[in-house]
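Shown below, as structure tokens, is a lone chain in the form predicted on its own; questions about how it binds or moves come after it.
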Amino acid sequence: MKLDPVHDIQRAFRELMKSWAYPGEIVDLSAVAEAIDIDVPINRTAMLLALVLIDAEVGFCVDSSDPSGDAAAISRLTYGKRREIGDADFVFVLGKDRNAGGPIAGARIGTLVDPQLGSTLVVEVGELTESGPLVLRGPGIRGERRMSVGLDPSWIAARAGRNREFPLGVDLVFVDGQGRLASLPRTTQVGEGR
């Protein structure tokens, strides 16, 4: 099946918005991501999000083992502009074993006048599960929700540091190799439980 640049991208956008509305809830985009019929060097779900989020007016940054090659692939398909991490609208942390703490700490948090200018990070993880040590609370979550992202936990402190002065902060979207994603808006509180 070939990716439909209108309907499939709209479907992916709706599912991404659903994930923002219900933080930590896993959304399955595997069928749409697998429809990307060109060879891309990055996680297909991350590439799908790049197609949804980036255009010629948007700046992005890549943190990966091959940032130049991965950024070139995203730019070629989206016409997005490559930026330094502190100036990027979207930051792609690619490679399921990468430490996301550094990119989170360097990402843009917006200003009090324009808090919406905070970066969104798309972070590749090994596997997303709706159970595990992370306890999520906040808007869109009834009570609490648990999840696991399989990352070094340093990202939690880095995220808390960037989001300490609401409404400033960064938002996260985790993607795994199975075509799934889960979002953590800056309004979501993240703790570690037992």
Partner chain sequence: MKPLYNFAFFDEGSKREVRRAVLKGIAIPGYQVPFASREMPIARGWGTGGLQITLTLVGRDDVLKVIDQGADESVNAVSIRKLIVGTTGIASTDDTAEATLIQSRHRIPEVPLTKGQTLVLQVPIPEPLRFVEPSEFATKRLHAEKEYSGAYLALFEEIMKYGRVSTGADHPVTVNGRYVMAPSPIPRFDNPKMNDSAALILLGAGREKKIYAVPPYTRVVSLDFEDHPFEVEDMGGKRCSLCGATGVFMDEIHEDSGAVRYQCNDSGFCLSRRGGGKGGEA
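Residue numbers count along the first chain shown, from 1. Please read all numbers here as calculations on a predicted model, not as lab measurements.
We do not show the form predicted together with the partner chain, though everything after this point is about it.
- With the partner left out here, the partner chain still marks one of 163-171, 65-73, 29-37, 147-155 in the predicted bound form; by a 4.5 Å heavy atom cut-off that stretch is 163-171.
- By the criterion of a heavy atom within 4.5 Å, P139 is counted among the residues contacting the partner chain in the predicted bound form.
- When contacts are judged by a 4.5 Å heavy atom cut-off, G177 does not count as touching the partner chain in the predicted bound form.
- A residue is said to contact a partner when one of its heavy atoms sits within 4.5 Å of a partner heavy atom; I54 meets this definition for the partner chain in the predicted bound form.
- In the predicted bound form, none of the heavy atoms of D87 sits within 4.5 Å of a heavy atom of the partner chain.
- Shown here without the partner chain, the chain has L112, V113, D114, P115, Q116, G118, S119, T120 in 99-128 lying with a heavy atom within 4.5 Å of that partner in the predicted bound form.
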